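Here you get one chain, nothing else, as structure tokens; it is the form predicted on its own.
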């Protein structure tokens, strides 16, 4: 009985081929930045013709957008539960830290989303927009909980607080994304969390981050 034919790279199933193309594109993004990714090199690394890429993606931009969408789906799928009984401050810092670490770990994809996709007039119709909204909603929901439970004052809107947090994250990481410096995720997360948490803490509510001595004095 004849042995079954050996499966070669050129005979991958469509979904496997798409996954391979996207994985190689993401690697090139990391190595070269989105502006220097060319589909001919993607094809060469995949062992296929450049035309095969356009069988699955209408353009290089669509390919990069799909890679960004997959990245956001990974982020949303990686639930990092806070310690049992964690308070507002601990959970807020965890989410701020997550937002900063995403940019620190994937600067090329972050640049592409912030500089290319978000400035597109059709951005709000893109799947990446909805995925980003789901991510930012996590902080919005936590801030609403803090207000509803009396931990935070209610005189500043949750939406404004959320925008302040993500504005801080973007400004703190902008030089890094331009290749002009670095930043400490932990230091930035502590600073942003402290400004929001202590600035909004309801009078009389104990500060979770206060030292034992300062708690006693209060």
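We call the rigid core the largest set of C-alpha positions that still match within 1.5 Å between the two forms. None of the values given here were measured: they were computed from a predicted structure. Numbering follows the first chain given and starts at 1.
The next section is about a form of this same protein that is not shown, the form predicted together with a further copy of the same chain.
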Query - Candidate stretches 161-169, 22-30, 62-70, 41-49 - the one whose heavy atoms come within 4.5 Å of a further copy of the same chain in the predicted bound form - result: 161-169
Requested in this report: Identify whether a further copy of the same chain in the predicted bound form is within 4.5 Å of every residue in the set 114, 119 and 200, based on non-hydrogen atoms.
Outcome: yes
Query raised in the report: Hey, in the predicted bound form, does residue 124 get a heavy atom within 4.5 angstroms of a further copy of the same chain?
Result: yes
Query - Heavy atom of residue 58 within 4.5 Å of a further copy of the same chain in the predicted bound form - result: no
Query raised in the report: At the 4.5 Å heavy atom threshold, is residue 205 in contact with a further copy of the same chain in the predicted bound form?
Result: no
Requested in this report: Look up in the predicted bound form whether residue 188 has a non-hydrogen atom within 4.5 angstroms of a further copy of the same chain, and give yes or no.
Outcome: yes
Requested in this report: Can you tell me which bits of 126-154 touch a further copy of the same chain in the predicted bound form, meaning any heavy atom within 4.5 Å?
Outcome: 153
Report task. Kindly check if the Cα atom of residue 60 is displaced 2 angstroms or more between the shown form and the other one relative to the superposed rigid core. Result -> yes
Requested in this report: Regarding residue 184 and residue 35, go with closer or farther for their CA spacing in the predicted bound form versus this form, the difference being 3 Å or more.
Outcome: farther
